[in-house]
Ligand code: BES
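Before any questions on how it binds or moves, here is one chain, the form predicted alone, in structure tokens.
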Amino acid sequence: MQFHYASDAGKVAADLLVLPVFESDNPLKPYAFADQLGAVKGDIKGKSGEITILPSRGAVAAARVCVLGLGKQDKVQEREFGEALAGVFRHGSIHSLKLRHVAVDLGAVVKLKGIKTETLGRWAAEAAILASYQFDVLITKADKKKETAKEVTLVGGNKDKLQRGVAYGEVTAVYTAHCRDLVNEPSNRINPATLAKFAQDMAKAVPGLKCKVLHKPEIEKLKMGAFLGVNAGSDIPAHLIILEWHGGKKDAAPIAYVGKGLCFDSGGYDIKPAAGMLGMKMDMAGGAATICTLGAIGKLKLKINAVGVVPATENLINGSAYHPGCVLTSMSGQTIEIGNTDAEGRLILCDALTYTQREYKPKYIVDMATLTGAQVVALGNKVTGLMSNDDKLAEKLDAAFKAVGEHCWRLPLPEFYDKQLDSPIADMVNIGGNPGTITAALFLQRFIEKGQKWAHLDIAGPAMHDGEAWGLWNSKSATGTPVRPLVEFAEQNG
């Protein structure tokens, strides 16, 4: 998608000119040419998300006009504008009318109190790119693919500030889209080996970003018994994907992201029912987000140090697969009784957490995973579960989510639930019962070394959105969360 800039909206010969309006009895009043559009008085209210497509009737150079409602003027900031604009790029008219070039009049929005032009540019880019997203690489018939806008012209506002914002938003949106692609891909195309290759190829395209992949013999030398136990049932060997970005001071401790790379989850011998197994290509969403967050950090050349670690495997069944009752020895040396082979994500994460702490001694470590169905029950598919051993870290992550318009909610980690993980024959069992999201996080916390600031993000619901389009998310598609919040967190706290 190409972005252009102009100063006079009426002179831009686009296929569609977007006119943002605020809720009132006469929302089009600020536009001098409004009467020429032929809109019936009272039909346009200016309510948030309201979209009305009109022929321009020669009032402007654009062929058509889109009146975009933003809601109450005193409630509108950059986020509200961006999410409303996303609705335009998702609108069926883009496809049906083949609207390739969309111009957006920012004049009314840049004048609002508290609006930052650079932030507005970022939201405009993210809205246009992410709302236009579609996963169609496997569709071979051209008539089944949706038309999307190819050019966007932003009109009004300081051009230099808009350009800086758009440049930033293009990166965060593109790498969020990469994450969506990885999660949307079927598991016969994205497996531990191809996920590792994606990370390697991405790193080659970003100067300064380093990628190394540890293969099964190296993982065995590290004594990652929990990770290898899950991998035992798969014909594809485990891969440990590691990305490094050195943009800060040489001796500065990095921010570390660790993502679950479970490329397909059958449940193992505690096999999932057919309906529960169908969507398990997305069980590597945490790993995809980790990889793409590091890509965005490198592309933006953030002046921080950051590392991303992704244990990648499948959880399948064969004669060698681990089974209920097994005891695995983790890299930390702690032993784990297997109470349920479908609680595998925490097993691959615990070894990755140990590796990351020992190898990098990070300032913060944040892991993310589609870890528990209980998260979906508790918070649904729009809110990430946040758990942490450090109040300030939790507050900073919450602020990062809010800054980009995504949502998280902190859950507690009480000691009395931790006792449910005790095993009579090993140091712990891998499943602690209800509340499942919390006991899963408490399991991971047992692998966090003393003094290490750590947070866990359960994205089981938000990773894949199956409802109506919402915010910058598309219906029935991977969301790419939490790439944007984690880039924001890294920039503000590196």
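Keep in mind that this is a model prediction, so the values were computed, not measured. Note that residue numbering follows the sequence shown and begins at 1.
Omitted from view is the form predicted in complex with the ligand, to which the following refers.
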Which of these residues, His239, Arg180, Arg122, Lys260, gets a heavy atom within 4.5 Å of the ligand in the predicted bound form? Lys260
Heavy atom within 4.5 Å of the ligand in the predicted bound form - residue from Ile431, Ile44, Leu442, Val60: Ile431
Should Glu314 be classed as touching the ligand in the predicted bound form when contacts are defined as heavy atoms within 4.5 Å? no
At the 4.5 Å heavy atom threshold, is Asp265 in contact with the ligand in the predicted bound form? yes
At the 4.5 Å heavy atom threshold, is Lys272 in contact with the ligand in the predicted bound form? yes
Please determine whether Gly405 contacts the ligand in the predicted bound form, using a 4.5 Å cut-off between heavy atoms. no
In the predicted bound form, segment of 207-215, 339-347, 411-419, 128-136 with a heavy atom within 4.5 Å of the ligand: 339-347
Out of 264-287, which residues reach within 4.5 Å of the ligand in the predicted bound form, heavy atoms considered? Asp265, Lys272, Met280, Met282, Asp283
